[in-house]
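For reference, the chain that follows is the form predicted on its own, supplied as structure tokens.
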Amino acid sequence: MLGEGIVKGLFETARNFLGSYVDKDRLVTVQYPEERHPLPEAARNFPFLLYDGDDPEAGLRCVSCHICEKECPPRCIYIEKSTDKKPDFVGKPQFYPARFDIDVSVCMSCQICVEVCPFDAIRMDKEFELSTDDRFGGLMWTKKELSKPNEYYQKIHPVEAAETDARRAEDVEKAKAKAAAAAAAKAAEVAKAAEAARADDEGAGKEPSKG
């Protein structure tokens, strides 16, 4: 019939139009800020620094390697390396950032800093309500403002955080096994040296040394 397609199209449009008023799942307008759509896990805004435990300074994962600073396309990351070291999560002494700033007025949220970080120290946040009336100082985030606990990371990126935690737990176990093997080798070396000294004393007709 002539015009049948037009009639079907108009009917479908009317059905969707009226349905949007009665079916909540089809509403096109969210009453923000009272109502909010949940953000997908892959959503990202600006970077933040991760730390383990309760102390942002002691638990900060960043070792001030400057890789993210060098790879940042808009050059909005500024890092100053410490003069001393602190133990990392496996007990290895590492440098840490005495200063770590990100100018979010320049940051393009490209996530390159996250991809190049070999220490799982920087991740992308999902927070977007960041307006400020301070155009310069309010958009230059310092280490204190950037640091967030691993629990926060687990909350906003649960799948990604679980993979990272599993990998870091494996690294801890490897470090423990390596330390135990080194301690056992050292003990065996000491015992061997003591046995050799005892044998020399007996060969010289002396009283075996003790200890």
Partner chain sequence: MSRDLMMDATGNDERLAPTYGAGQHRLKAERESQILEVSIGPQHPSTHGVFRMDVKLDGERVVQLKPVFGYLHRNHEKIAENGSYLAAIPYTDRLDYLCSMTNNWGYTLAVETLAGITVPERAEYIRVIMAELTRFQNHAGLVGFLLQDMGASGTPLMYAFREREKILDLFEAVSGARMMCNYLRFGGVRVDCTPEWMKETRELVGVLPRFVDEFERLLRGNEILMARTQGVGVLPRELAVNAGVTGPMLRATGVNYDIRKVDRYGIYDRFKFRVPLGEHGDVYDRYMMRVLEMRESISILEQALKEIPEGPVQDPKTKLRGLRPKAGEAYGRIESPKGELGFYLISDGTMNPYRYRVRSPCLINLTILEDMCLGQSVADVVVTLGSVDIVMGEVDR
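Fair warning: this is a prediction, and the values are worked out from it, not measured in the lab. Positions refer to the first chain, counted from 1.
A second form of this protein, the form predicted in complex with its partner chain, is not displayed here; the remarks below concern that form.
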Fill in the blank from the handout: Only hit among Lys92, Lys85, Arg75, Lys81 for heavy atom within 4.5 Å of its partner chain in the predicted bound form is Arg75
Exercise for the section: Choose one stretch from 50-58, 35-43, 166-174, 141-149: the one whose residues place a heavy atom within 4.5 angstroms of its partner chain in the predicted bound form. Expected result: 35-43
Exercise for the section: Report whether the minimum heavy atom distance between Glu12 and its partner chain in the predicted bound form is within 4.5 Å. Expected result: yes
Handout entry: Contact flag, Gln111 vs its partner chain in the predicted bound form, heavy atom cut 4.5 Å
Key = yes
Practice task
Although its partner chain is absent from this view, report whether Lys186 comes within 4.5 Å of it in the predicted bound form, heavy atoms only.
Solution key: no
Exercise for the section: Would you check, heavy atoms only and a 4.5 Å threshold, whether Ile67 touches its partner chain in the predicted bound form? Expected result: yes
Exercise for the section: Quick one: name the residues from 150-185 with any non-hydrogen atom within 4.5 angstroms of its partner chain in the predicted bound form. Expected result: none
